[in-house]
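A single chain comes next, written as structure tokens; it is the form predicted on its own.
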Amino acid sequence: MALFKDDQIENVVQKILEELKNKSVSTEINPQTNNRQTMEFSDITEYSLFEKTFIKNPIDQEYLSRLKSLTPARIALGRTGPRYLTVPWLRFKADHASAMDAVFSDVSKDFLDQMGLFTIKTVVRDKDEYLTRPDLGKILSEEAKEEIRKHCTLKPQVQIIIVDGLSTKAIEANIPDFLPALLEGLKAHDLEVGVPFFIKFGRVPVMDDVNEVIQADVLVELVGERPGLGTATSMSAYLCWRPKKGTVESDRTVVSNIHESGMPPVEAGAHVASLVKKIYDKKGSGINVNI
């Protein structure tokens, strides 16, 4: 039996990928007509999870459409025997790949420069250590603390930090709209804001270490959420009154699901600004105050 050499296999794979890049084609059942149809698309993710159904001859198509409009959950996918149809299966694989990319990629330097954010990092050495040692993502390096002292105003009323978390895509997708809305809202509330900056390889409690240095009254942390198969671009905003080492999670106020299909980033920025004002006035956050 003849065996292919590595370079021959690589050439074949490359040709297939080039063909797929130009056009993807799949044959499915049209649920309206019960006929096979050829679906052509350049991007398997181009259809909305809130809209498309794949069930053959549904009893009530209108009901299914209403149900789909309420959730991005994978329902009404149809089947061929015990298996998924091709298009929803490929979409599942594509969304899973997107989630993996969000975890393993880095926020680009060009993006950070464009947003005017200087960068520090935790004691984590690389992505592998970040994923396997979440405890290290809570601790700033000594170099990072020096950078904060060098670039930031100490003891501001409000300090904003941006943290990659588990979705770098969430940061790049939401910060351009969210951050200006937040800053404008805080300005309208007459609150002094320190210099925002970015933390690489950070977890939510890194805000405690940051505030041991900067000593802000309210600290706002914008962090990429763990990506799912519904979206890989969801961001959370954690707010805390004078966080410090030993702060527990119930002391933090959180606004989650900030993304295009959740709470839009511009709206979320204005909302978070109003919460910061309430936290500042009441001098407490989390379950300690009713806001």
Partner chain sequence: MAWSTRLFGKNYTFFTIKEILAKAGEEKSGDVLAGIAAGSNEERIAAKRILAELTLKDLRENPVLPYEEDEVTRVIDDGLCKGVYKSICSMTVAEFREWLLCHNTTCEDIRRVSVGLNGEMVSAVSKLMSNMDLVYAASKIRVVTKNRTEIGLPGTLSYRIQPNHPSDSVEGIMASVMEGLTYGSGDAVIGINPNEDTVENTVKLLNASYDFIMEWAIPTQNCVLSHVTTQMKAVEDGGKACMFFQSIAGSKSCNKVFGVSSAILDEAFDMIKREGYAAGPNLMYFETGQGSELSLDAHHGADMQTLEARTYGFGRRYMPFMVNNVSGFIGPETLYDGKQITRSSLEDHFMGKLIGLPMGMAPCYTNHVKVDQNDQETAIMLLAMAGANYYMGVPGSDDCMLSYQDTSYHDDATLRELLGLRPAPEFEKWLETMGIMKDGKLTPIAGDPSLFSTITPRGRR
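Positions refer to the first chain, counted from 1. The term rigid core refers to the maximal set of C-alpha atoms that superpose within 1.5 Å between the two forms. Just so we're clear, the structure is a prediction, and the values are computed from it rather than from any experiment.
The form predicted together with its partner chain exists for this protein as well; it is not shown, and the discussion that follows is about that form.
Non-hydrogen atom within 4.5 angstroms of its partner chain in the model of the complex for each of 66, 104 and 227 = Checking in the model of the complex: 66, 104 and 227 are all within 4.5 Å of its partner chain.
Partner proximity in the model of the complex: residue 58 to its partner chain, non-hydrogen atom cutoff 4.5 Å = Contact with its partner chain, yes.
query = Is residue 83 close to its partner chain in the model of the complex, meaning a heavy atom pair under 4.5 Å apart or at it?
reply = Residue 83 belongs to the contact set for its partner chain.
query = With the cut-off set at 4.5 Å between non-hydrogen atoms, does residue 72 touch its partner chain in the model of the complex?
reply = Yes, residue 72 is a contact residue.
ask   = Does residue 134 reach its partner chain in the model of the complex if we count a contact as any heavy atom within 4.5 Å?
value = Because a heavy atom of residue 134 falls inside 4.5 Å of its partner chain in the model of the complex, the answer is yes.
key: Of 124, 179, 166, 112, the one that lies within 4.5 Å of its partner chain in the model of the complex (heavy atoms)   = Looking at the other structure, the residue within range turns out to be 166.
task = Taking 4.5 Å between heavy atoms as the contact cutoff, choose which of 145, 151, 189, 79 touches its partner chain in the model of the complex.
result = Contact with its partner chain in the model of the complex is made by 79 alone.
inquiry  = Using a 4.5 Å heavy atom cut-off, which of 151-159, 180-188, 207-215, 86-94 contacts its partner chain in the model of the complex?
reply    = Result of the contact check: 86-94.
key: residue 58 C-alpha relocation of at least 2 Å between this form and the one not shown, rigid core basis   = Yes, residue 58 moves 2 Å or more.
Core-aligned C-alpha movement of residue 74 between this form and the one not shown, 2 Å or more = Yes, residue 74 moves 2 Å or more.
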